[in-house]
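We begin with a single chain expressed as structure tokens, specifically the form predicted on its own.
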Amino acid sequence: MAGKMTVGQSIVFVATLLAGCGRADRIVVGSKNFSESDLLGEIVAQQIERRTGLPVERRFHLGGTFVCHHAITSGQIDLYVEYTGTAYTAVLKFPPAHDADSVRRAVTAEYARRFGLTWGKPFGFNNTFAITVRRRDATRYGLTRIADLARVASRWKAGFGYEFLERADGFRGLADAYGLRFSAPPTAMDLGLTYRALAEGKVDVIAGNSTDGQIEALDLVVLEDDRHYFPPYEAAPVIRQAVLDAHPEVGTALALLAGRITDAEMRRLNALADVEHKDIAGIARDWLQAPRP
């Protein structure tokens, strides 16, 4: 019966065809599993809806870097917001570099060549890792730089997110660069729990994110990366080139967000989500609707 399909096969074929058509008519936006990524994903999603009229499906809080990277390279999502330094070290496996322009050019070229992905223009802020301690400890021990930690590390407990413990630009390289040896191996925990653990005295030092709103709210202090260990982490949308080919208006819409979010503004937005517990969709909507200078 070559060339013919049973009724069951026909149903499967039609369902697959319809699913494919529906998939092509919408944009799927993903995010990592922390508030800033969810918030940026929502800003991107609303911007596409407002500027293009295309329907957007949200698949937020998917997981860490590698989960989102697999999702976009396998076509499960069409775009998500990534950070240049993360892409450079964790995905592309390059050794940490410190020039923002060089890192951005490298990830743009390599993502296009290896994965068929396009980097949009950065939003304007740099969310670097923030080695963070309690303010009272910073004052008591005179801690202003990461190098100062070497004086107290042997008596202290560290708590880090899972990715930070594994990444090339994470704990092992940091410990080597600064000669840090803690009282015990660092505790692995969800990134979102590290701030409260530090504030409550369960650990003494964490690796947070420099744009997190909880740093100020919990009276914590970020130590200066005085040996310039961490690369730049500029946030930008990463998009499947096939989507831009089919819908160039998506790229045009996202380009309007370039350079619009400063470090301070990102901290403010994160504080609205994590400290004041406001709805992320509402935060994104208010930010997009606010008049711009």
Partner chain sequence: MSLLAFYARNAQEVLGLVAQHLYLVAVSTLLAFALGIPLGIVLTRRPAWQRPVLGLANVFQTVPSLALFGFLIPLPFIGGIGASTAIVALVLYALLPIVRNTYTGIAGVDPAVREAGRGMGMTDWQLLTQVELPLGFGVILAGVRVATVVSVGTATIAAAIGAGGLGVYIFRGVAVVDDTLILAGALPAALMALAADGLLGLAERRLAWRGK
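Residue numbers count along the first chain shown, from 1. The model shown is predicted, which means the values in this text are computed figures rather than measured ones.
As for the form predicted in complex with its partner chain, it is not shown, yet the points below apply to it.
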Just one of 111 to 119, 136 to 144, 175 to 183, 161 to 169 has residues with a heavy atom within 4.5 Å of its partner chain in the model of the complex, so point it out.
-> 161 to 169
Students should find that, of L218, M189, A100, V221, the residue having a non-hydrogen atom no more than 4.5 angstroms from its partner chain in the model of the complex is M189
Given that its partner chain is left out here, which of A106, A90, V203, A153 has a heavy atom within 4.5 Å of it in the model of the complex?
-> V203
Using 4.5 Å between non-hydrogen atoms, is A197 touching its partner chain in the model of the complex?
-> yes
R134 to T262, Cα distance in the model of the complex relative to here: closer or farther, by 3 Å or more?
-> closer
